[in-house]
Ligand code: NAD
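Encoded as structure tokens, the following chain is the form predicted on its own, with no partner shown.
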């Protein structure tokens, strides 16, 4: 059997067990006999100690020149890149996604580290002219303080990197609580960032459950800001917890993402995009495509080709090069997906492919479900409205572009969206009218790049966006300070003195 990693919290530069001595285990979702890691089950005292360490370290870290902080991030990028293969295999082993996706998960962390390292020389504000003589005016970015970072299991390296690197380059200190399902991936990432030269107490990691550690961390009075990625239900709960404190919180949450396929689309290309959008990461992405809104003229052709290609997908252990789709993360998630499949059948949707758990032979010890396709789906059905977070595709018929966009927008979510068309006017209308934070033209709903902001509207996102670019993570992890300097030697009153 592969190695079982015993990992610890990192608090004030020291590796420590939880005060209670309690632990939790992470398992390979493709084979539950493979225990990937044993991690501390942290409680309130552990969180208190981590926040205290971060608070203390902030006083020095905020004064480190941003270009120097950037040098540390650059070294972190180099170290992660050096260990990419082993980290990618670990992602696949602990989370389940196929190896190519596991390696892509790590590459996102490398890219984000390089990008944010460069931001150390671009943390710019603006200098403007004053209306008074011998006076100047400027705005500067300053760090917020101690940030709590709460991350999910589906991108156990990439999403933590999306939060840790912009937080650090901005001069904040961090208490990081990763998913209890992927603690080893998170710990290995933190090891490499620490090795790059991050001072003691600047980056702390505490393992534990959401209820036992995450909620207490979010509500901790010593935490100045929170960045959360996870389900909408949990995000809304955390927002209520923070609202009374009046402090920064940003939540990147769920999605029910549509792909529109117009009658002039390249159908074979749309089918390939639909396969990747629906079944990549076994549908366990906030940006996964789950609604396929197809023009009535090409509906039957698309559906036939989509089902034919989905039938050929190989489900199995993600470490096998032959596997196209890996397992779901755990028993709870597979039961949720199977429950929604039953709901879809009862609602009157036509089950055209899949719908069952795979549990014999090589699948016996894992959490596998077949790629599933429903047709004759109506927008009012629960399977068309609620996030399933699994490999379930709903095909909906539309009459024209305006109808398709109206169906796409008829959702409480607004994260990602896509349209396949060869009509430039249709593409322009879609990118203008689709109510989503991200719009793809002739590409599926997954595949965001780190140099632009990432996040959604409606119940898909609350607060600042993730990742890079204007309006991205630096707006989350910094606050503005405006400075007026008067060197006239006399009292000048703005808007009063002439």
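For clarity, every value in this text was computed on a predicted model and none was experimentally measured. Residue numbers count along the first chain shown, from 1.
The protein also exists as the form predicted in complex with this ligand; that form is not presented, and the subsequent description refers to it.
- Message: Within 4.5 Å of this ligand in the predicted complex - does that hold for a heavy atom of every one of 101, 372 and 391?
- Response: Answer is no for this spot.
- Query: Can you say which of 120 to 128, 419 to 427, 246 to 254, 398 to 406 gets within 4.5 Å of this ligand in the predicted complex, counting heavy atoms only?
  - Reply: Heavy atoms within 4.5 Å of this ligand in the predicted complex occur in 246 to 254.
- Please run the contact check for residue 354 against this ligand in the predicted complex: heavy atoms, 4.5 angstroms, yes or no? So residue 354 does not count as contacting this ligand.
- Contact flag, residue 286 vs this ligand in the predicted complex, heavy atom cut 4.5 Å: Result yes; residue 286 sits at the interface with this ligand in the predicted complex.
- Query: Just to confirm, residue 440 within 4.5 Å of this ligand in the predicted complex by heavy atoms?
  - Reply: No, residue 440 is distant from the partner.
- Query: So, in the predicted complex, is residue 83 in contact with this ligand at a 4.5 angstroms heavy atom limit?
  - Reply: Answer no; every heavy atom of residue 83 is more than 4.5 Å from this ligand in the predicted complex.
- Item | Option touching this ligand, based on a heavy atom within 4.5 Å in the predicted complex, out of 379, 209, 139, 320 | Filtering the options by heavy-atom distance leaves 209.
- Message: Give me the residue from 154, 227, 204, 170 that has a heavy atom within 4.5 Å of this ligand in the predicted complex.
- Response: Contact check passes for 154.
- Task: Scan 449 to 482 and note down the residues that get a heavy atom within 4.5 Å of this ligand in the predicted complex; none is a fine answer too.
- Result: Sequence-ordered list: 454, 460.
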